[in-house]
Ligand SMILES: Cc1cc2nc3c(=O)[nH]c(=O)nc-3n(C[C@H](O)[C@H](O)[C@H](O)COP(=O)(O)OP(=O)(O)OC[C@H]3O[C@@H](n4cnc5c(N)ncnc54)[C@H](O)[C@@H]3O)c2cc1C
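Just one chain follows, in the form predicted alone, and it is written as structure tokens.
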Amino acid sequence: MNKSHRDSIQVLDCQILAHYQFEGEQYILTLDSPEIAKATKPGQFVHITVSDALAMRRPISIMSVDVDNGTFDLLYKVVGEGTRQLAERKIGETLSVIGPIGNGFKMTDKKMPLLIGGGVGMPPMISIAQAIKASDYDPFVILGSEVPFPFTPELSKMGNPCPEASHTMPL
């Protein structure tokens, strides 16, 4: 059994750098953590404390990382009390985060990867698409959602989500 990922899991206090609300009660949260940004592989997630009132952490998939800036992005939708309280968090606040967690995806040498994701399965697909896009070939991506996407899904423009888009609302 390969346990190499065990040494990369950390408990860190991460400052909220950006928090945008989108249609359909979707949010993109950008957190500062050079350690998590550097250690994350596509397909991993974090456990995040959403507030002092709720002791149980919430698992949220990492959508993208920016190693150069030491940040990572989480896409989530309000579906219960925990994510509702997370949606109330403001820029400058600090959240306790455990991560990155999970084995992540294995990259292959296939030239035409097909990535399919919907709902909570979209952020990992975005993460792996960004990693593949950084190589010499383009993935074919199918993403589905019952509400409009809170980002530009063109892989040629993938990077961090587009907070300057007109349908965003900074918190």
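Being a predicted model, the structure only gives us computed values, none of them experimental. The first residue of the shown sequence is 1; numbering continues from there.
What comes next is about the form predicted together with the named molecule, which does not appear here.
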Residue-level question: is Ser61 within 4.5 Å of the named molecule in the predicted complex, judged on heavy atoms?
yes
Under a 4.5 Å heavy atom criterion, is Glu81 part of the interface with the named molecule in the predicted complex?
yes
Does the named molecule get within 4.5 angstroms of any non-hydrogen atom of Pro123 in the predicted complex?
yes
So in the predicted complex, is the named molecule close enough to Arg89 to count as touching (4.5 Å, heavy atoms)?
no
